[in-house]
Structures are given as structure tokens and as C-alpha cells.
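Heads up, the chain shows up twice below as C-alpha cells, two forms, tagged structure 1 and structure 2.
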Structure 1
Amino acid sequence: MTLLIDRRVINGSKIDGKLADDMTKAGLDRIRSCIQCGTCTGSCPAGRRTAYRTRQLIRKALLGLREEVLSDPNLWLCSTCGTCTERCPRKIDVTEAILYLRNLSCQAGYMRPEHQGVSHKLIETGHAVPIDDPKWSKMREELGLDPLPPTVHSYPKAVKEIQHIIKQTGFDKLVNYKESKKDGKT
């Protein structure tokens, strides 16, 4: 008979206690009150069909297994539905915690190419989903709308404003956006 629980010794050198401190500073202090009840995992529609386990991720974050948490592809299976946050008996904002860990994951260099692509579109056009094919403008016209909406698409100056913000926050560097692509049409 085998034990269903894997026995695992956490090596001290892997532990980075600063991770929980960082989360506390980011306003997620209630995470320290987690009792590992598993309501989050039990409520999770993504966890029902994948190996993503919210409780496990939170536990690892509290233990300070920084590298293991930030490099875990399961971190990107949350659809941000917010059910865990609503049901947590300790009132932990679990979804915000996941988003915070994703921010750190991106800073550590773990970013999906698809997500970089969406970010590049935002930088180039101001829309994460822009009109990047004339068929969408044609469809607008068939519906009696202007070919371009009155958004950043109609105001080149507004795109510059978005790019100004992105330079201020360093988002272009975070998502590995190359300056030379800036003039490229999407």
C-alpha cells in the first residue's frame, strides 16, 4: 500500500521568505491567515479540468518557494472568474494574489509568447485587439458604422499617449517590445 501523499522535504536553500512579505506589502496581507481548507480549489472551474490547484499555489507562495511558483505554467490557467475570492472563509483575495504572482512571474521572465503578442498590439495601436485586417472595417460599414471606431484608431495622438504611459512604467521592456517594430503596421 502506498501513501497518497508524497512526502517532500523542503530544502532550506529554496525558501525565499520575502515572497510572503512582498505579497503582504502589496495589500495581500490576509494571505497569511490561509488555513488550507481548499475551498478555492474546490470552487475553481479551471482546476476541475487541469492540474491547476489554487490551494497548492498559495501554500507554496507562503512557504517561499518563489522560483517554483513563478515558473509554474499552472499559474496561467486561472480564468480570473473570482469564485475562490468570493468563497474564501478567511476573506483572502485569492484572485488578486494570483494576478500579483503573475506580475512577478513576468518580471522573472516567464511570459507566454501569445501574451507578449497581445501586449505588443496594445503598445502599437492602443487596442489589445485592434482592427488588423480591412475585413473588420468593411463589416463595420455594412452595419452602418464608421469604418474606424472613435477610439485610439481614429486619433493617432491618443496612441502616442498610450505609448507615453508604457515608457513611464517600463511595460515595453517587460514584454520584450523592440523599438524597431514601432512603425510596423498591424
Structure 2
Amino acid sequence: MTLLIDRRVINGSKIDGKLADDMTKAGLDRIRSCIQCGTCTGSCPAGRRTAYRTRQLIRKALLGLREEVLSDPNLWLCSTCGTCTERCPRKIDVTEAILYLRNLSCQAGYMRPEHQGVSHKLIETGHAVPIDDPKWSKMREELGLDPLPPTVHSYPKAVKEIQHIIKQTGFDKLVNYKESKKDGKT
């Protein structure tokens, strides 16, 4: 009896041979030269304290396990410090590969709720850092500073421009942003 291996399925996951091709076309041309040496994983600060394994994600991407990679919550544990890229013996821009995979993950609807929250904050205020938190305002006042730093929120026209760009690019839909209930505008 001959047992044939279906190369379109690995551990129940469908193979998408286009994923590595897409990464190459996106400027990550060296990704196919990965030798799975583990330098990226071994030097990763996030990997020391979490389940994040850079080498594993890159390998799965090269194998074409698109859904498995894009839906993996560990994809978001990378701090993008660049240590993996600096140390890669094959000069692969691993950090850019991870960012590319995150972009695909978002487009596929796998954006984490925390990242959606940051994105919503950006749409509402023009910046992602929640500077309007009373504890930060109080701390700034104690230091003799204005309660809010002079960022984009100080310029309503700039916030409107950011919101226009976000709407034109479809970013608001990508992050499931619902228009403000207060004034009905984004």
C-alpha cells in the first residue's frame, strides 16, 4: 500500500504557496534564504519572556501556512527592536517580515482588541497615546507643565485632516471604528 502525502495540507492547515512569493514581491527578497539557524529567536528579548518564536513564524510563512501565521496571537509579541535583523547571518530583514505579516493579519481581520483601541484613539484625537488620562495631567501639573502637552489635539484642523486621511485610506473600516456617538463624526 502506498501512502501519498498531500502537500497542500500540513497538520490540517492549508498551504498557501503564494505567501512566500508575496513577501518576496513586497521587498523581502532575502526571506527565502532563511536557514532556520535560530539566531533571530535566540536573540529576541520578547522571546525570553513569552511564547514568541521568530524562527517558527518565519518557517510557517515560508511553508505557506498563511492562516496559521496570520491568526497566531504571538505575531503581536514582537517589539520590533530589530535585534533579529541585526544578528541574522543571512541579512534578512526579519523585523520588516514580521511587520509585513502583521499588516496581512490586520487585513485578514485578526487585529488584536488592544491594537484596535490604540487605533481608535488615533482616529479620535490624532495621537495614539492616551494623554487625556487625569493621572498624567495631574503629574504634568505637579511638574509645572501644562496639563496636556502641545500635540495634535491642540490643533483641531490637524485632527480633522488626520481623520480625513484615515477615512480615505479605509483605516477606520480596517480597525472596526464606529463614528463617534457624541457628534456623529470621525
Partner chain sequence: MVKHRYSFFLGCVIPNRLPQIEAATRLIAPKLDIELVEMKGASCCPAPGVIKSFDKDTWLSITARNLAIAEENGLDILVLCNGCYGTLIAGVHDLKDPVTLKRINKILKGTGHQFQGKITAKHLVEVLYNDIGKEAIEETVVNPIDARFAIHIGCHLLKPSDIRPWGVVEDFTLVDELVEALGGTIVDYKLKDMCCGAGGGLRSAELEVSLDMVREKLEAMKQAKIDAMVNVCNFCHLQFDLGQMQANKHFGTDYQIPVLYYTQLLGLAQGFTPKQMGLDKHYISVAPFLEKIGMSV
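Only the largest set of C-alpha atoms that superpose within 1.5 Å between the two forms is called the rigid core. Quick note, the numbers are simply positions in structure 1, starting from 1. For clarity, every value in this text was computed on a predicted model and none was experimentally measured.
Point to revise | Structure number of the form predicted alone | key: Looking at both, the form predicted alone is number 2.
Exercise for review: With both forms fitted on the core, give yes or no for whether the Cα of residue 145 moves by 2 angstroms or more between structure 1 and structure 2.
Suggested key: Moves: yes, 2 Å or greater.
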